[in-house]
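Below you will find one chain, with nothing else, as structure tokens; this is the form predicted on its own, and questions on how it binds or moves follow later.
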Amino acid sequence: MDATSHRFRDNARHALANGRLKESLASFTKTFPEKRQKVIDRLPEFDALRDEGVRIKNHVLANLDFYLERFEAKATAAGAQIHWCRDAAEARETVLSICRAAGARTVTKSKSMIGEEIAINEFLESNGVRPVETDLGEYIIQVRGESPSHILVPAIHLKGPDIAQTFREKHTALPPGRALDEPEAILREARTVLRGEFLAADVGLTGANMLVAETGSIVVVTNEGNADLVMSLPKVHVAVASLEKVVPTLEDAATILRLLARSATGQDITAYTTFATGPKRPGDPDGPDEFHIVLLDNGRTAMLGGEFRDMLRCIRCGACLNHCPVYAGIGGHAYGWVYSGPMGSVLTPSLLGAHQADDLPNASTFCGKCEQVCPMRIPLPTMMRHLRERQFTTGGPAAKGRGALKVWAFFARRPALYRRATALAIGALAFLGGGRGRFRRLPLTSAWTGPRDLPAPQGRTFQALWAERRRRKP
């Protein structure tokens, strides 16, 4: 996927004008937070689990080299082959070389954000290997030639009729008059098409939600069971994971699993939680003959020593996206790369460089909801402030507000003038917008009033109320 996050403003403007996208996001951003809250209310120790999850992740980040080396030793002892990769290009070449050694023509894949990060699908296709996404949402967007719009629900921007039309266009071997007006029919058709792909694949490619140093196992969670088929049916299984996914023990993995599904989809646990350790052993009924684990840095170690280290605690639950008012208005494609929402506003500049994503840290209301719901208590607003501060000193988008700040500072240094000017401006706005109570259009505020109305001021200013309160004190 090409990184287009530097075009965020244009992307966001187009997204705000998309009425169908608004409808899809309105339902999604209401349902998932409600489900999350209900399942958390049933678990009184949820906050204690969050504290324990933070402790586990911080301990790992402080001792990352030790746990990665331990994981490598245990995984190798179990028969896995470990490949260390510095960047996306090296990871792509490693995966391709494994596919070529296996004589692979088809690769089945389960949903993996790290796969999107390294753009493995496009690379394999350009080298004569056909990748097939097997997660329903990922399969839909693959046949449409699109990218995921959410890290959990990649096709959330689409509605049933969109998917039905796509299937009719792409699945030309099926009867043209078939009914596709119900979700069950769409699911059955995808299952029918994918069944043959599962059986024909030479290599299976997955990500990993966690790497367990104690046993050399990878942990993969899904709600469709497709990852289990991707891992067990082909003769070769390749798992690509970034370095920070390692955890010390199985008990630590269980703790994080209790946080993951509740924060992500509002479930007690995902429908399929699979621990895979090494290739097939003598007597095993299924499993791969070869098991390869690609461990990818791609900018992670550079984050370890800086102010964005806490971002490496992220478990990709998507809770910050589900609760973000900015994401709810524009969806994931506007962010232009793999990671969207608040976590993308920090992770994308950290991995690609601020020049590729300079607008993303400014795509926040700073309401703090993302930090409030994050199971790993990642201080996302604080990190976005750090990025804004860097922009201000280096001349990025944040620096463009210097003129306005100078005007504000002129008045702020003169309190009496500030109060009079504020009262005059508020009074004028209240008078002009008093009839409707809002402004649909207002000079110099088109970025705000384009997608939403601006409420007209009501009542007196805070300073006026404060002054009156002080006068009333005995």
Partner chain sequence: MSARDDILSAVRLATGGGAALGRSAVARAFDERLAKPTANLIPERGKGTPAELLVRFIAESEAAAATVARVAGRSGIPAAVADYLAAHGLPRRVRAAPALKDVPWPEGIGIAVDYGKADADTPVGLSCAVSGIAETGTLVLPSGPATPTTLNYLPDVHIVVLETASIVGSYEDAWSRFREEAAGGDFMPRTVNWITGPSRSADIELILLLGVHGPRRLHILLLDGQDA
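Numbering follows the first chain given and starts at 1. Small disclaimer: the values here were computed from a predicted structure and weren't measured.
What follows is about the form predicted in complex with its partner chain, which we do not show.
- With the partner removed from view, the residue among Pro183, Gly128, Gly103, Gly353 that has a non-hydrogen atom within 4.5 Å of its partner chain in the model of the complex turns out to be Pro183.
- Listed residues Thr134, Ser263, Ser149, Asn322 were compared with its partner chain in the model of the complex; Thr134 is the one with a heavy atom within 4.5 Å.
- Contact annotation: Ile269 falls within 4.5 Å of its partner chain in the model of the complex, judged by heavy atom distances.
- For the chain shown alone, Cys85 is a contact residue for its partner chain in the model of the complex, at least one non-hydrogen atom being within 4.5 angstroms.
- Its partner chain in the model of the complex is not approached by Val238, whose heavy atoms all lie more than 4.5 angstroms from it.
- By the criterion of a heavy atom within 4.5 Å, Arg178 is excluded from the residues contacting its partner chain in the model of the complex.
- The chain is drawn here without its partner chain; in the model of the complex, the stretch among 338-346, 114-122, 95-103, 209-217 whose residues come within 4.5 Å of it by any heavy atom is 209-217.
- The putative spot formed by Lys170, Glu197 and Arg313 is not touched by its partner chain in the model of the complex; no residue has a non-hydrogen atom within 4.5 angstroms of it.
- In the model of the complex, its partner chain lies within 4.5 angstroms of at least one heavy atom of each of the following residues of 38-63: Arg42, Leu43, Glu45, Ala48, Leu49, Glu52, Arg55, Ile56, His59, Leu61, Ala62, Asn63, in sequence order.
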